[in-house]
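Take a look at this single chain in structure tokens; it is the form predicted on its own.
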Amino acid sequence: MPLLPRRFEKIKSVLKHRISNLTILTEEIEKPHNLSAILRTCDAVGVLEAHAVFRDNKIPTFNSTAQGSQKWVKLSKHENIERAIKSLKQKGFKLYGTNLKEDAKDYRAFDYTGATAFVMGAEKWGLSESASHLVDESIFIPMRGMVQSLNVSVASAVLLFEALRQREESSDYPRSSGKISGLLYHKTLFEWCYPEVADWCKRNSRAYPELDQHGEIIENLPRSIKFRC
């Protein structure tokens, strides 16, 4: 089915507001509704890419809670938490791990306008000892009730929206910071518009075709591929 112009404009509008220097890293979050809710929040905030480590490298599943967000937020899977954290640090991210350690600080005490990654632990036991030692700062969300912590998906939402709030309200925060452009923009735009064609291009080790101003593929593709457009 052809991509309608209105759909193309909507995709471009959403992509224009995606943020590349704000992300979340989950460690062994197993429940589909939690992972789905986290990705839904990432989409709502404008996170371009999320990261995850799964127990035994299991393939993640999503339920209706995601509302299709997994199609719009890339989820990069890492072999273990050590490699995941190292990779993010090499990209310039500062990592904030949620836990209840004695040296953990109120999450509101930090500035999240720079490259920020929130590290969230598993539902039952939180961050692993290794992750707790590797993050740059330990943070917590203050509780006034009987429970000590929020559900991991709710906590993720609190932290991501706080980072977004700070960026929107800071007069010193450059509006272009974290916005994607150039090759990454065009690559992501094509994958969002034509995911099946993008998969075909990857399998055949070929570049993505160009799009015209209306979102139509300019190149004359094989007949079997055209039906996927």
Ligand code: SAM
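From 1 onward, residues are counted along the sequence shown. Please read these numbers as outputs of a predicted model, since none were measured by experiment.
Heads up, the form predicted in complex with ligand SAM isn't pictured, but that's what we're talking about next.
- Taking 95, 157, 75, 122 one by one, only a single residue has any non-hydrogen atom within 4.5 Å of ligand SAM in the predicted bound form, and it is 122.
- The single contact residue among 84, 117, 131, 152, judged by any heavy atom lying within 4.5 Å of ligand SAM in the predicted bound form, is 152.
- In the predicted bound form, ligand SAM stays beyond 4.5 Å of every heavy atom belonging to residue 88.
- Put simply, residue 135 is far from ligand SAM in the predicted bound form: not one heavy atom of it is within 4.5 Å.
- None of the heavy atoms of residue 112 is located within 4.5 Å of ligand SAM in the predicted bound form.
- In sequence order, 127, 139, 140, 141, 143 are the residues of 127-143 having a heavy atom within 4.5 Å of ligand SAM in the predicted bound form; the partner itself is omitted from this view.
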